[in-house]
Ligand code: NAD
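Just one chain follows, in the form predicted alone, and it is written as C-alpha cells.
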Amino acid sequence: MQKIRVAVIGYGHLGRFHAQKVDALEASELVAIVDANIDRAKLAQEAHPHAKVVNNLKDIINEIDAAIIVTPTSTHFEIAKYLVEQKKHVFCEKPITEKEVQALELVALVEKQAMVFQAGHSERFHEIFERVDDFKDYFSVPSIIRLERIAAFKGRATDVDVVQDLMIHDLDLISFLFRETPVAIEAKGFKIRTSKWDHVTAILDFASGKKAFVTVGRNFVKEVRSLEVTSARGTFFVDLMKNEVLVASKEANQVDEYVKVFSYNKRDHLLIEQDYFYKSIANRTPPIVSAKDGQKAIRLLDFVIKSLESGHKENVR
C-alpha cells in the first residue's frame, strides 16, 4: 500500500511527538517538517534526517498528501485554509481556529473541497470513553458534572489563555459524552501569571437539567485531571491521570461495594488519532473528530470568553 506523504508544521513541544508518530505508523511517511525557527529546525533535522526541513510550507506543498498543524492557535486558520485550498488533507491540533467565524469558513471549505479534516481533540481517546454505554444511566439523567484540568505553572502555551489551551478539551468532551448543547454559560476567572486568563471556572446550564462546572488553571498547587458525574443514580468519577474509575451506585448494599474501583488501559492518544486520520484518507471515510466538531467546541469557547469579559451569564444562541 502506498504511504501517505505527511508534513508536520511546527516542531515545538507537541510537534516533536507528532513527528515521532508519523514515523511510527505504517500508513504514513514523514516527508517534511516546517518550522521557521532555526534552533527547532536544527533539532528536527537531527531527529529526522530522512525528512526535509524547511521554513516555508509552500516549498514542499507539491510533495505531500497531508499535513499536521502544530503551530500557535493564531496561525491555524491561515495555514489550514491554504492546505485545504491546495487539496491537502489536514490534521489540526485544537482549537482549530481562534474564532468561530473562522471555523465556520473552514468547515464550508472542507466540504467544498471534499478533503479529510480532523480536529485534534485527544481527550476523547481515553479507553474509558469507549465504554460509556456501560455507565449510560449516569450520563442520561439530570446530573451535576464536574471537570477539572489544573496544574502548576509550566511556562508553556502562554500565547493563549487557559480557555483556549485547556478548557477546549473539556468543552469538547461535554459535547461528545453528553450530546447536548448548553443553553447558558457563566464564567469567572483570574489573570495571575500572564496578561491572559490563567484560572477559569465555567458553569454550563442544560435544558435537560444537567449542570456542568468546568475548572481549568495553570497556576495551581497540584495537577488534577478528572471527570465526575453525580445524580440520583450515584456518582461516576474518572481520574484521567491515573486511568482509574470510581463508581458509587445507589444500588450497592454492602459496605465493601459502596465504592467500586477499577482501572483502564493507558493509551498513546496521538498515535491513535493519527491512525484514524490516515485510515479516513485511505478509505475515504469521515474523520473521527471532524472540523464541525472543532467548530462546536470553539463556539462554546467563545461564549465562555464573552462571559468572562462581560461579567454576566451568557445565553447560548
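Since the structure is predicted, the reported quantities are computational estimates derived from the model, not experimental observations. The numbering used is simple: start at 1 and walk along the sequence shown.
The following text describes the form predicted in complex with this ligand, which does not appear among the structures shown.
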{"property": "Every residue of 9, 37 and 169 near this ligand in the model of the complex, heavy atom within 4.5 Å", "result": "yes"}
{"property": "Distance check, residue 243 to this ligand in the model of the complex, heavy atom within 4.5 Å", "result": "no"}
{"property": "Residue 201, heavy atom within 4.5 angstroms of this ligand in the model of the complex", "result": "no"}
{"property": "Interface membership of residue 155, this ligand in the model of the complex, 4.5 Å heavy atom rule", "result": "no"}
{"property": "Interface membership of residue 141, this ligand in the model of the complex, 4.5 Å heavy atom rule", "result": "no"}
{"property": "Interface stretch in the model of the complex with this ligand - options 281-289, 28-36, 244-252, 257-265, non-hydrogen atom within 4.5 Å", "result": "28-36"}
{"property": "In the model of the complex, the one of 235, 181, 113, 75 near this ligand [non-hydrogen atom within 4.5 angstroms]", "result": "75"}
{"property": "Single option in 94, 89, 210, 124 placed near this ligand in the model of the complex, where near means a heavy atom within 4.5 Å", "result": "94"}
{"property": "Heavy atom within 4.5 Å of this ligand in the model of the complex - qualifying residues of 12-27", "result": "12, 13, 14, 15"}
